[in-house]
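One chain comes next, on its own, written as structure tokens: the form predicted on its own.
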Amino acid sequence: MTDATNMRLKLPITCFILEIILIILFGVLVEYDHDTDARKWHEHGNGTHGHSDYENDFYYRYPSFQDVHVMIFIGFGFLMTFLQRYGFGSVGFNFLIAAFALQWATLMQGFFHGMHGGKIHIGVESMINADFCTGSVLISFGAVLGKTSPVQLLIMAIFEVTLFAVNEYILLTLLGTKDAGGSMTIHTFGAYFGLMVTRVLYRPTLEKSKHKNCSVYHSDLFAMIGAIYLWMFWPSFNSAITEHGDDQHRTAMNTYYSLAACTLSTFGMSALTAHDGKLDMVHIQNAALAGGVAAGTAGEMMLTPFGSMIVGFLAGIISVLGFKYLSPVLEEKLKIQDTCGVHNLHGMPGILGAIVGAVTSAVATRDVYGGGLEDVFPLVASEERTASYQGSVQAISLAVTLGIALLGGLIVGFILKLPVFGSPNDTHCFEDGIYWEMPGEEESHEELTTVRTEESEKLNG
């Protein structure tokens, strides 16, 4: 290990300083919201207004939060374990970044959305939103997987969470965009931010590690665990913070059917694009999830099961084609080394989801939505804007997201290039051994030789 990649001081200093800063900021700025605070809940809770404790937001939102939390830590973590010698890094660094990002996101989102009398009020909904922001960071992690140090990843998370919160504020608060499942705010933003970072961090001699940038039988099986967890819980992800009642019910159902249709088109396209008709596990792990991404924006709208299935069907086709034909072009022509293919799972399906959302918004009518129009499109319901204007706002929001993600990724990429952050050299990419203690059977020949030499000297002595 070279001095540049030695984490003996760099990682502890980074982790301790960041966590101490977070603790101080939480101490100064953060307090429980009405549903979490003992005094506030009981002042206005079951006693005065006849509320039951079971009307606390915890009972509405916590099951969704649990599902989203599993997606963040198990789903994303294990989805990235496909690399043959980078399983520790995939799950471990995913764990590290997520634990930091959810704390920082609570503060950043609070600054923009949740300040009350100079304090950030937090409850179960802010926990879900922080996980959403974390999801976007983990998407970007997928683009730079295996080529970055844990310190680089933490620095990337600091900037990305901040930019995510800015973009989210512009879209949801200033523009009045609807994006319940985050096709734009989470997936498109995370994908294109990560693609720009990996473009700036381009390694012309990455060929030296190319033999490790692939999977083996058991690593693909581990990655499939992540994929199945994500697939199962995606209806919860898209519906987690939608309005209670029909909105949440509809979002989960639309996502459910979109994912199912997407899976069939993924299997079909995977076999169709292979010269021998064999399925590619990379397609199944990733493209089968694209239906969840594409149903994100329009999920709470009256997309109908029929419409959801069309969206999922198209998402699977686009994603497989991206893995098969577009990724090699991006790497060769544009020098974008996208380890996990986040462009195919989150980028293009995210854009598809944004377009579907814009079209669905533009044709929304009182006849179709009835009283539910107030929940889904409050500005259209109050006649502050027309449905077609809402549709155009949705389209503009996609452009804004892409602009912030690409410009932000460009700047952050150059920051991460600074040698102080301990990036692995070209010959040690996609290799756990550089940052992790490896179990006995994985020890390198040099270490074994040293041990044997020492033992023989003792015996001879």
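The first residue of the sequence shown is number 1, and the count goes up from there. Quick caveat: nothing in here was measured; it's all calculated off a predicted structure.
One more form of this protein should be noted, the form predicted together with a further copy of the same chain, which is absent from this view; the next part is about it.
a further copy of the same chain is not drawn, but in the predicted bound form it has a heavy atom within 4.5 Å of Trp231.
In the predicted bound form, Thr304 approaches a further copy of the same chain with a heavy atom inside 4.5 Å.
Interface residue remark: Gly92 is counted as part of the site for a further copy of the same chain in the predicted bound form, having a heavy atom within 4.5 Å.
Among heavy atoms of Ala252, some come within 4.5 Å of a further copy of the same chain in the predicted bound form. Look at 182 to 190, 137 to 145, 70 to 78, 197 to 205: in the predicted bound form, residues with non-hydrogen atoms within 4.5 angstroms of a further copy of the same chain sit in 70 to 78. Proximity of Ile155, Asp338 and Pro378 to a further copy of the same chain in the predicted bound form is absent: no residue of the three has a non-hydrogen atom within 4.5 angstroms. Contact annotation for 357 to 380: residues with any non-hydrogen atom within 4.5 angstroms of a further copy of the same chain in the predicted bound form are Asp367, Val368, Tyr369, Gly370, Gly371, Gly372, Asp375, listed in sequence order.
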